[in-house]
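The structure tokens that follow cover one protein chain in two forms, given apart as structure 1 and structure 2.
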Structure 1
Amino acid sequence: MPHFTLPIHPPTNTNTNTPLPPPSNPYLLTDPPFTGQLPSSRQQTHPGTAIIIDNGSSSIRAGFSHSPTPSLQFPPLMARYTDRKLARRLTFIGSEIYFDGTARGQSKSAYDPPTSSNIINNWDVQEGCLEYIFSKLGLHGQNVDKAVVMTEPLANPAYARRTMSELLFEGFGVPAVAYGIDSLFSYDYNGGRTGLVVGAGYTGTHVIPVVDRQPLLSQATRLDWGRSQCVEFLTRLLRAKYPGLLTGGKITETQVEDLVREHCYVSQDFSGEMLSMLEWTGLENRDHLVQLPYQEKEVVVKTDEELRVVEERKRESGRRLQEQAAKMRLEKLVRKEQELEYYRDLLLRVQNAPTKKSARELLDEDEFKDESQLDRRIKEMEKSVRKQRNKDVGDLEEETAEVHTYPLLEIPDEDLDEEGVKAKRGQRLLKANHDARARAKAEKAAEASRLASVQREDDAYRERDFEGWVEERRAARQSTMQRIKDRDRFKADLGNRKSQASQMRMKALASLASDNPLGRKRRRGQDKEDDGFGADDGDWAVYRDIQRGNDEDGEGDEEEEDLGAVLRGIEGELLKWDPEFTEQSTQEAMRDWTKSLYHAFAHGPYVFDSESARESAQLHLNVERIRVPEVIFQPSIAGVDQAGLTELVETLIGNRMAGHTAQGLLARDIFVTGGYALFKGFEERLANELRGVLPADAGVKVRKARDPVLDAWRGAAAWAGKGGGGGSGSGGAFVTRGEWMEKGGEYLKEHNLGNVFT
């Protein structure tokens, strides 16, 4: 079953998880694999010595057949460009490209593209690699006097082999060449006779049945998944996990390959380990923190004495500002009191004026319309002075309740002159305002009384039926949380132009932009330019629809509630009365990052500061450590529409080899070689999987090559040293230059470790 269909249950514990300190020694990215110039030397060889070239898609290994290990190991890469300063054409081969920045950008692989094929496509790079090999082995010029044994992939096309032969014979003058399959060379070197060879290489995995040292290539199968696809898959996962982090050039493909090699392993129970991978207990051991290069912001660290001086300056500056503010407030209070005394004196002079004309002149001098305006100004200033005196000086005075009187309202308009009518109109407005405030105060008191009554009824209900009260509160909490989710989802849908909410909003906008937005008929005599919008109070509701969206439940016309406050109120009641509802059960506690599955996935059990350059340049490998290698058993994880390795082996033994005399012997020697075999637990997992699908008496035994990487080269060297083709001078499996010129470029001598002619 694919891993993504397994249910992931939230943590059942309600205890607070304790954040852990970050590791003091995180994993670091390795530098580009430049090891310097490879040495070149002419070794003492005898005439039967052959040159062994393991022409892999990840690394080329070359050396003489009598050597225990290959003399050269380098990736099949080449960069060639013209340096204008030196006026020379420079060529870099293998790991030498990592020495020069321009060469790194100009590098190309012999396998183009390198992650999807193990067939050579770029023959210029292949020619450069061969020239580099012969030069480092001391064989200069175009007359290489040694036979060559070269590995090739399973079912290598005749065109690729013909081009390679032409390059060796015509370009370098090689006297003879033999081709073989790398995984079969490794199987032969490890003493294999009858069994299944699983060659899990860099660009693919193939399974070859071997009976009495003779491969049955017609029954071989292939899975398009290898270590290069693991690198590509991990890169995709990290880009989705940390958007923007891998796009800045902070990590290269070779460094991702190192992450795959150093941190990934094959899980023996993938489903169970995926469910427990992000659990808090032991997460610090399962989560590998990789630190990328970063540049921290420069922070000036001050001494304690400097910090004390700065703090003292701040306190002194604050004290001076407070003194200045208090002085200014006191001066303002004095000015207000002086102004109040002046207006009081003015009121007395107006009241004692001998004539109305002289009183009017006194009022006009200070720009007052009448005596009532002056009286209001005095009352306002008395209130302001009293308030400021209480605040600044502490001179508390009780404010007497002002009794509002409106004497002019009782007098008919006929008995008042023009000024009296205006004054009466002002008193009517004041009385209406006063009555409105009184009604609002009464409604507020009534609402408080109603809430107190509701609270008393709720308390009585809780005492009468406690369990029912608790269930009702829990249901109200769930309903409120659902409304919050619906509201957030609705707001998010407004940003999606294809959602229903966004379409209803655009429909409302389109209706407003039409000539007749509400679809009503025009009135008789109505202007053509007037669409009648606004004549009805309901017309203005469309703006609320546009602002909030169209609510199908009819709640769009109501004011948006503070659902957060409602939820906190319900949770407060549950915390007070429900013994099973604790602080860890609240919505705020559930949002704790220590219980967040995403935080454990992206940042491990450590505190994350988004403002820190160091923490923002970190990778956390946890589920990726087992998810990436698992694809060879479950290709659907990475979107590969092929059968897994277990199913391939089961089908080959049970169906394709049915009736063969060696069918029961194949499962007893399943040999694993290639770079994928370097994953920890790979052969154990394959054995467990096969024991579950093959018959009980199959006797499944899986073994790994002593050196999954170099045994192919050693096997080819041992095969050539035994006279496997031309080491003793006999024809064997070697194709000589004369035979190639006589019989054609596709001519091939078959042997038990190579491909067959097709």
Structure 2
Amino acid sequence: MPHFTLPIHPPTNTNTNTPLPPPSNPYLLTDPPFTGQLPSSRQQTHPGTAIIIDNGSSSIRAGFSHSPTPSLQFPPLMARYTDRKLARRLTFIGSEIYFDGTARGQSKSAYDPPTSSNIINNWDVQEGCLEYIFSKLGLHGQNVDKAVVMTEPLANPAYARRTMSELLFEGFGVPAVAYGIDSLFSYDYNGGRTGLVVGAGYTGTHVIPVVDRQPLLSQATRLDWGRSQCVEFLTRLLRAKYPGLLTGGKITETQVEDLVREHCYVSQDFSGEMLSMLEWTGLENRDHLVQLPYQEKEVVVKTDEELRVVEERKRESGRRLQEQAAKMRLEKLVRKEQELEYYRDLLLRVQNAPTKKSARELLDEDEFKDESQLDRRIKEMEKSVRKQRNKDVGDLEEETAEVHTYPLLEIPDEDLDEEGVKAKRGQRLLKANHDARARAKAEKAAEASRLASVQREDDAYRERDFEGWVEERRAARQSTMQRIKDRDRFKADLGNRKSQASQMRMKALASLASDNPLGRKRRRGQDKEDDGFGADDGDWAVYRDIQRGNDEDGEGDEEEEDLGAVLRGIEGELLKWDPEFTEQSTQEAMRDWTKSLYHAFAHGPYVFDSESARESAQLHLNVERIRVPEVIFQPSIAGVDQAGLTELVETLIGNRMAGHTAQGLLARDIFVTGGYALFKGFEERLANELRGVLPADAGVKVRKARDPVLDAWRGAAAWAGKGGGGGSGSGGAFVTRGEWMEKGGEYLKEHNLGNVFT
């Protein structure tokens, strides 16, 4: 009967994540946006031309109303200071502040705080910018004779408008001024009639419903999130992710802004994309590596020649030192021998002295008490001379092993005289010394033999019962790992003030220090002083408990056993003998960095060497690319306590416009303008989300302005060209100087593309 066998393929090891080589061209940080001086134009104008100024928080765009694009675009920054060297007052406006470091440090923004407010606060800067505009457009600073159209934020406070009008009329002599809202200008320019305008600006996002060309400003709302808040958010994220990398001004704000512009995009499915963002496959495409400037550490590599020369020199000096030392020793030896000769001679003379007195005198000269001392001295010197001779010159025979005898120890004290007693004491000391040394040697030998026997036993056990031995080793390994973990946890616990371990320690300390350690009531018949601490050896173990063990210089590790070494020893044995225990299962392999989520998060799929200066100065943008622009849809990500864009639109159309005739028409034309719309995928994301929450017959259609950045200016220019909200003849919505002076600073002519009077 035929039977079929299918080949069984061993499962390909899909677990290994191969680390990748670093990318060939990492992204770099941008230079400061200094674009050089903006051109000044002398253009032909006719009396009806107006100057259009789009006063945005990211940049001011200004030009004549007949130009197709604004001739001036610069950020609302100004630096004014007195230069010491030139002794002149210098003023820098816009991008020109990046020309000089001092200017950069002194620069101020027209808005305060510059990253979250769109109301002008610093009127000096505003005045400087206006001067700059008028002079670049070729007009007299004091007597501008063209009407000005300016944009202002939605629901601009009255005092801001008043101060702006005052600046224009009084400061620059402008004949007429009109104000409008930039996103509405853009909507009008793009042919909008009824719909929802989403003006996603630099410091905030406005949502304004427009019905039949009339904006319903009472239903408009503003979400405080724009590109400037994105920049701040990304800076804080990077600072938390790479501590130490952003300190010291290594990355400036404009560079982070360019990072946001270049790398961030709006994801279509945030949660789903997030989950797969840090997976290994394809991580090199999602992770953008930004290389910061770094300084390579100096590694002086000596050539082979140099190394050889250095070695030679070292050897030479070593040899020279050795020769010198040998010479000195020889000299000392000779001197000693001479001394020995002299003492021998002295001994002879003493022995041959005629009288006792003269002998005494001779001895006293050299400070010897009596003959026996001299004798002893001679013997010592002979021994040392012989030893040294042996070491250096080696011409004497080996020293015979001296058999130490202690004859005097046998004789009891009474039989000896004073000298004899002293000699006996000396001999007893010598004997004790020798005995101790012999004991130590014996102990060492015993220890070594014991270890050898243990090892032999272990080998025998292994040969006998392999399985059992392996099991025992594995259990030992587990227990060691557990001990390591417990020790680490205990140490961490001690560091925390409130943990159980710390409290126990405190209790132990307090009871040790207190006067009544055994309890509140004093036991009858027991004194305060004597509580018996220390008599028992186990009592001293309490010091080990109360010692906190934060090891400075690793002292603590020496006391406890080095569990790491024990673990490695056991693993070595297992590797050698156990067939199943492979490199994979060792502790080292388990800490594989390619499987670590945090490594993919902080360093991408590339090897990270913390010593390398180049790799320490790298940023990896993977999760931040979608996390930062997502905040406009989920402001709780960044802690902004407002509803997201989708929810705002939904409540506007669903609740606030309920009962309005145009409620069903609003969603048909959702118009997105402003710099935030430049993020890839913004309109699709908004459309998909709204389609999910709005009723099915709403007909959601989201469109982007043709040029989200400049269309506001163009819209204002077109509006001014058409007479500014009125027919030719009437001034339209322009407030002339006379009207302003007569009717008050806050006088405003409302029109369908501007604010209402409050």
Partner chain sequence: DLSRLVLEKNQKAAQTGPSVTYTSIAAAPSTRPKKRYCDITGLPAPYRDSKTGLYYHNKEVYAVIRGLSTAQIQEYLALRGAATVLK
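Numbering for residues begins at 1 and runs along the sequence of structure 1. Here the rigid core means the biggest group of C-alpha atoms that line up within 1.5 Å when the two forms are laid on top of each other. Note that this is a predicted model, so its numbers are computed, not measured.
message: The form predicted on its own: is that structure 1, or is it structure 2?
response: Of the two forms shown, it is structure 1 that corresponds to the form predicted on its own, while structure 2 does not.
message: So that I can tell if residue 82 moves, could you say whether its C-alpha shifts by at least 2 Å between structure 1 and structure 2 after the core superposition?
response: No; residue 82 is a residue whose C-alpha shifts by less than 2 Å between structure 1 and structure 2 when the cores are overlaid.
message: Taking 2 Å as the cut-off, check whether the CA of residue 476 shifts that much or more between structure 1 and structure 2 after a rigid core fit.
response: Shift of 2 Å or more: yes.
task: Classify residue 429 as shifted (yes) or not shifted (no) between structure 1 and structure 2, where shifted means its C-alpha moves by 2 Å or more with the rigid core superposed.
output: It does, since the residue 429 C-alpha is displaced 2 Å or more between structure 1 and structure 2 after the core fit.
- prompt: Upon rigid core superposition, what is the positional shift of the Cα of residue 488 between structure 1 and structure 2, expressed in Å to one decimal?
  reply: Its C-alpha shift, to one decimal, is 2.6 Å.
query: For residue 348, what C-alpha shift in Å is seen between structure 1 and structure 2 once the core is overlaid?
result: C-alpha displacement of residue 348 between structure 1 and structure 2: 27.9 Å.
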